[in-house]
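Consider the single chain below, provided in structure tokens and representing the form predicted on its own.
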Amino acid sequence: MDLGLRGKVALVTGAGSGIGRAIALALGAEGARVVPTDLKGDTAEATAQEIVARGGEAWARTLDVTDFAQAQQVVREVVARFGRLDVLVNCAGAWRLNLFVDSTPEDWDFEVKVCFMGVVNCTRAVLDQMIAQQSGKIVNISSDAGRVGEVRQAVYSGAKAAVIGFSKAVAKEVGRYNIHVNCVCPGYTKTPATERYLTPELEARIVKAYPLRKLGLPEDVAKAVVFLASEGASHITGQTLSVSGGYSMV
């Protein structure tokens, strides 16, 4: 099936590893011209090289999503190179795993800046161009933690819930310009970051809470993102889709 992504320009944050990398590769496989970005420029470049090796087109950039001026600059560079920007996937994220009563203001500031303000910064950075071209797709990666809350991730859960509310508000504001804004909420997904903590015993306990009795893979999330970025989702905006094996059914 042709999803209508061939030739589209897609910027993906947090594309150096895990879910972001899988999203960038999936968009590249559909023929999109992908701009993988990451705080670590070398990992973004590695993702770009993999897209090119698979026959796609990619151009890596270094991006700290907590820096609004840097986000604006990257968007200007993308538009100067390609003439447009069709898709933004806000995937950059991070967390501090601890009980709230053991966390610090520095922990809170870190999680809110990356997980929520990073989405705000990058969304604002692309909107002028998308409004000018009267089209765009924004897919924000939230989390099931933002829908139901998670122990040891209190502020992270709050920041991800904020992403959902923000996405709905922006979707209402920019729909008149044919810009779609949606959220994807992964559950526990096996990435390099999460597998640092995942033992076979812990995984066996976690999957009991998942009706499909398995944890997700980055590619599972990428498939949903590609759909929401595609022409197949032309009448979908302001929605939140959990990709979590049934962990959350709200």
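Keep in mind that what you see is a predicted model, and the values were worked out from it rather than measured. When you see a residue number, it is the position in the sequence shown, counting from 1.
Omitted here: the form predicted together with a small molecule. The next part is about that form.
Residue-level contacts in the model of the complex: of 183, 26, 65, 58, one residue has a heavy atom within 4.5 Å of the small molecule, and it is 65.
Proximity to the small molecule in the model of the complex, defined as a heavy atom within 4.5 Å, singles out one entry of 170, 164, 125, 114, which is 114.
Stretch 135 to 143 is the contacting one of 100 to 108, 73 to 81, 170 to 178, 135 to 143, since its residues have non-hydrogen atoms within 4.5 Å of the small molecule in the model of the complex. None of the heavy atoms of residue 49 is located within 4.5 Å of the small molecule in the model of the complex. Using a 4.5 Å cutoff between non-hydrogen atoms, residue 224 does not count as a contact of the small molecule in the model of the complex. The small molecule in the model of the complex comes within 4.5 Å of no heavy atom belonging to residue 213.
By the criterion of a heavy atom within 4.5 Å, residue 159 is excluded from the residues contacting the small molecule in the model of the complex.
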